[in-house]
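Just one chain follows, in the form predicted on its own, and it is written as structure tokens.
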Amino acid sequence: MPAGTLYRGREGMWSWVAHRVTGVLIFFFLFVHVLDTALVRVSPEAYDTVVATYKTPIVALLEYGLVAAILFHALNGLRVIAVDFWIKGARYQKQMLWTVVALWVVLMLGAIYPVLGHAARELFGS
């Protein structure tokens, strides 16, 4: 392993990769969102058709994935800020990562019903 690197391919490196991947996914969502919102000016009927597809259970799963990506990206971004600007940040980066992961899991468990409740009712009835 190269000398002088902070992460060395362990937890920190995986959080770096996950941060980049979630950032790209969020950017892709925003791009699609702008396009589908702009569709209302071109063809309101086409816009209504697109919005109707968003009410399916599969899209609800994608929304849950979006929540997961945004939440991880935000929490890990705060960790990155702490690593960069806190004098002891590099020393505690691993502990901060596991704190981020634990907080992310707890919040994602709490998001199951609000995000996927409609899809569950759609699939299994009220």
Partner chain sequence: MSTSEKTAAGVGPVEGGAVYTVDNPAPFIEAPRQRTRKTPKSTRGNFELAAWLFMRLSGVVLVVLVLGHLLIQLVLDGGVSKIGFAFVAGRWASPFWQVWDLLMLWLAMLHGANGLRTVINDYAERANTRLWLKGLLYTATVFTILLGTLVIFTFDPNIR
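Numbering follows the first chain given and starts at 1. Everything numeric in this text was worked out from a predicted model, so none of it was measured.
Same protein, other form: the form predicted in complex with the partner chain, not shown, and the subject of what follows.
> Taking any heavy atom pair closer than or equal to 4.5 Å as contact, tell me whether residue 33 reaches the partner chain in the predicted complex.
Yes.
> Under a 4.5 Å heavy atom criterion, is residue 43 part of the interface with the partner chain in the predicted complex?
Contact with the partner chain, yes.
> Do residue 114 and the partner chain come within 4.5 Å of each other in the predicted complex, heavy atoms counted?
Yes, residue 114 lies within 4.5 Å of the partner chain in the predicted complex.
> Quick one: is residue 92 in contact with the partner chain in the predicted complex, heavy atoms, 4.5 Å cut-off?
Close contact is absent here: in the predicted complex, residue 92 is far from the partner chain, nothing within 4.5 Å, heavy atoms only.
> In the predicted complex, do 10, 18 and 102 all reach within 4.5 Å of the partner chain through at least one heavy atom apiece?
None of them does, since no heavy atom lies within 4.5 Å of the partner.
> With the partner chain taken in the predicted complex, which residues across 62 to 83 come within 4.5 angstroms through any non-hydrogen atom?
Those in contact are 63, 67, 70, 71, 73, 74, 78, 80, 81.
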